[in-house]
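Next up is one chain by itself, shown in C-alpha cells, the form predicted on its own.
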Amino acid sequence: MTELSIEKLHNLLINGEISSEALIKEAIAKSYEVQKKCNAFVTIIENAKAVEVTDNLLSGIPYGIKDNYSTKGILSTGSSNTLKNYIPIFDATAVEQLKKAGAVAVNKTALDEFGMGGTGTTAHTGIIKNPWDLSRTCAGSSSGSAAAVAAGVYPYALGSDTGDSIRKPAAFCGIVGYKPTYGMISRYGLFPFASSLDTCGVLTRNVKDAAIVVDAMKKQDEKDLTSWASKDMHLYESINGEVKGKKLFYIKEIVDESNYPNISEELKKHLQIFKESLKKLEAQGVIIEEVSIDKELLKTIPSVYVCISCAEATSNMSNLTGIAFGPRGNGENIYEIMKNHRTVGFSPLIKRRFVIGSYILQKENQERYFVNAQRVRRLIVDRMKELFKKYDALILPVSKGVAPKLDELNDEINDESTVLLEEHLQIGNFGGFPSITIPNGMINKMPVGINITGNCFDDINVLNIAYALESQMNYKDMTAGDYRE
C-alpha cells in the first residue's frame, strides 16, 4: 500500500479500507528491506505510532525525514561522525508542521555528510545505493530520501537543497523533487550548510503529492527571519493543468548538441527525450523558445557555487568543536580537543571544503574570491530575472543522462565537457527560485529527469506546468524497477 499516492492512501484511510497502524508497520518493514539493499537510513523508528485520521491529507500516513532535520528525542546525525550520538531536544519547524498535520515519521534518511556532496558516498553509515540499480549512485545529498521514495517505502520524504540536492537525486531515482521558493519553508532546525542557498523541500512520486506536503510544511516563522508569509498560497488546490499560453524557455548553450564534442549516445538520447517533452507541452498550447546566454557567464556557475557554499559552510559549522555537543575529542587542552574532534570526525570531502572556505574568507582573499563570487551570482540572477519578465519558466534536462556507476564517479566528476548540464540547477539556489524535477523517460531501463524553474513566489505556476507535463507522460507514481517506455 505504501507505494500509493498520498491522495489514494488518504481516501483508503478515510473509508476505513486500511488503517494508519497497518501503513506504518508496512513502511517500517519495507525500511528494513531497503536498508539491506540501499543503505538508505540512519535510524528506523520502530516505535512509530499510528495517529487519528482526520480530513488532513497527510494524517496517518508514514514518511521519512532527511537526517539533517532536527527531531526531538530521535538521533539526528547529519550523516556525520561529529554528531553520531546527537539527540536534539527540539523539532525542526518543518517537522513540527507535519506532526500537526498528523504525518508519522518512520525513519531518518542518510545523506552526504551535512549535505555537502552530490554522490551519496560520504555518509558516516556508508554508501547509499540506487534502488533501480545497486551499482549506481542516487546523487546527493538527499540520497536516502530519494532511494526510499523510489523504492516505495512511503509516498514522500523530506530533503534539503543547496545546489541540486533534492532535484538531481529525484532525476536519478525516477521521482519528483520540489525545491520551493527560498524561505517558503522555515529552515529552523535544519542543520545549516550554506544559509543563503539552503532550502527545505520534498521528494515524492507525483507533482500533486509534492504540493500537498509543502502546503503542510510552509510557514512564516519568527525563528527563521528569512521565512515569509505564504498562508494565502494554496499549492495543491491551485493545480489545474491549464497551461495554454504559458511561455517557457530553454538555454541554447546547455541543450544544443553542437556544444558537446564527442557526444555520447546516452546524451544524444537524453536530449532527444527532452525535445519530445517540449513537444508535449507545445501540444497543450505552451510557447517554448530558445534563449542564448553568454557561455562565459554560465561557465562561472560551479565556481561561484563552490566559493559561496564553502565560505558559508566554514562559518556555519565552526560550532562543531566537540565541546558543546558531539563526541569529545582527545587532547591535553581545549585546542587539541577541538582539532582532534574535527580531524577525526569529518570526512576528507568536508575537510577539503572547510579548507577552501577558510582560504576564501581570509581577509586578504575575500575581495578576490567571496565578494567577486557574490557579484557574479548577482549577474546570473539578474539575467534570470530579466528572462522571467518575458517567460513563465525555464525548462532543461537534468544532468547528461542516467545515474552514474559508483565505480565511475571520479571520471564523471572530471568530465568538463558536460559541466553545464550537471551544474545548471544551482541557478535555482542562487536566486532562491522555485524549481521542480519530474521523471522524463528511460534510457537503458534507468530514469532521467526534466526540470522546471520559475521566478520567486511563482511556485503555483511552476507546479502547474510540471503537472501538465506529468499528465502527458507515463511516469507518475513510478517505483524502482517499474520500467515504463
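Position 1 is the first residue in the sequence shown; the rest follow in order. This one's a predicted model, so the numbers in the text were calculated from it and none came from an experiment.
Below, we refer to the form predicted in complex with ligand GLN, which is not included among the displayed structures.
- Stretch-level contact check against ligand GLN in the model of the complex with heavy atoms at 4.5 Å: of 80 to 88, 394 to 402, 270 to 278, 158 to 166, the positive one is 158 to 166.
- Taking the partner from the other structure, ligand GLN in the model of the complex has a heavy atom within 4.5 Å of a heavy atom of Y305.
- Not displayed here, ligand GLN is kept clear of F191 by more than 4.5 Å at the level of heavy atoms in the model of the complex.
- In the model of the complex, at least one heavy atom of G118 sits within 4.5 Å of a heavy atom of ligand GLN.
- Ligand GLN in the model of the complex is not approached by S145, whose heavy atoms all lie more than 4.5 angstroms from it.
- R353 is the sole member of R205, R353, K218, K108 with a non-hydrogen atom within 4.5 Å of ligand GLN in the model of the complex.
- Residues from 119 to 150 that approach ligand GLN in the model of the complex with a non-hydrogen atom within 4.5 Å are limited to S141.
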